[in-house]
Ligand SMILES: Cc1cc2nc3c(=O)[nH]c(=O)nc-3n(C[C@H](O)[C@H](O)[C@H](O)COP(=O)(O)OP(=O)(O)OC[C@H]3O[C@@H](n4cnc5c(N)ncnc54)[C@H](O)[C@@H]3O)c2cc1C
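Okay, here we've got a single chain as structure tokens, the form predicted alone, with questions on binding and movement later.
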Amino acid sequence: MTSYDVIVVGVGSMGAAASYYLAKSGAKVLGIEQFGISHENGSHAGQSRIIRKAYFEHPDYVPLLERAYHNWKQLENEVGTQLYFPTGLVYAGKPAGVLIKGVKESAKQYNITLEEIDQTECTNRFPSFSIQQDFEILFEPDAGFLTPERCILAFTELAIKSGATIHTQEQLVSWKQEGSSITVQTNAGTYSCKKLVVTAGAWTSHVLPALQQQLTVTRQVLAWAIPQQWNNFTLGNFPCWLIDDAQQPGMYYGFPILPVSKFGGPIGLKAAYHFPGQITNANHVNRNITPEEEAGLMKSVNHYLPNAFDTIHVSKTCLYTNTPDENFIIDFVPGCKNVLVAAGFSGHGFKFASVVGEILCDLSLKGKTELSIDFLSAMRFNQ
């Protein structure tokens, strides 16, 4: 039985970052991934992920975002490849809505650059938008997107170069803690470790049944469309965007068209609906997307971007892992002082991967972190 300082279960966005920071710190690390690196079965694929600082969800995320931006830059420097692309981000919604109020609150509290623009200026700068008159429009120039598959591969490559062992296509069967040692059984072998880090995404409650009540997995649909005016939506001409929909709960968001010669596929203009979808089991996800689902997304996106979704070229599913309050869990597992979990990233977590990896490393090796994560405690649901 091979022994490690830390075993990381799930080498996706958070697990790859954690493996890197742990190995870089000198720990003997094993990463176990049931699929490949990267893959489309979970939550971290899809060509692009928004990164932004004026965080409407909770102002306490902003210091973590400041560190995340710093860490993404460090990763870019280390691999010599651009991973963050600052396109700017258009926010729109009713002034009293959760998006606009939250964005302005975070920007004010942390002095984040934010531009207030009216419909005329928005049309002049980004003529593809059609924003209704009772919506407020904000623009965050330092927001943009990350390329998730390349980020995960970069973290994994650097982890391996720093001495980590990464096993793919290997599935966890069980784990148990005996004294100060943890035994991990997979379909390929048995290992032991001092600390176990669970970053299993939608499979977290399968690994940690005690968290089953706190984590709900939902099926989400996203699509890439072919617009009527292609050049209006290309990288450099079009920003990322996030709109608080007035017709139904949740928000719509999207990205510029990315050249596949540089970014890979899918081809087209990407958009999706940010709101928990149909509850599912990570092992039994319906990957078939209905014409009604595509038509509903097309109709809603075209309300704000007329004729942008002329025809859908590719549609895919991904998974959200939602907590009751939609905030993450980053903590030691209650009752297991040597087991850590990072979960519940519910559609807005990828941008934090670079800082979550650092936090998990600190907690594993030092038992604490200097970064403020008290509001992400696993115990908050028991209070």
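All residue numbers are counted from 1 along the displayed sequence. If you're wondering where the values come from, they're calculated on a predicted model, not measured in any experiment.
Beyond the structure shown, there is the form predicted together with this ligand, which is absent from this document and is the topic of what follows.
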| item | value |
| --- | --- |
| Contact label in the predicted complex: G349 to this ligand, heavy atom within 4.5 Å | yes |
| Heavy atom of D245 within 4.5 Å of this ligand in the predicted complex | no |
| Partner proximity in the predicted complex: K53 to this ligand, non-hydrogen atom cutoff 4.5 Å | no |
| Contact label in the predicted complex: Y91 to this ligand, heavy atom within 4.5 Å | no |
| Listed range touching this ligand, judged in the predicted complex by heavy atoms within 4.5 Å, from 76-84, 230-238, 100-108, 194-202 | 194-202 |
| Single option in W175, Y253, F139, F126 placed near this ligand in the predicted complex, where near means a heavy atom within 4.5 Å | Y253 |
| A27, V333, C318, V62 - the one with a heavy atom within 4.5 Å of this ligand in the predicted complex | C318 |
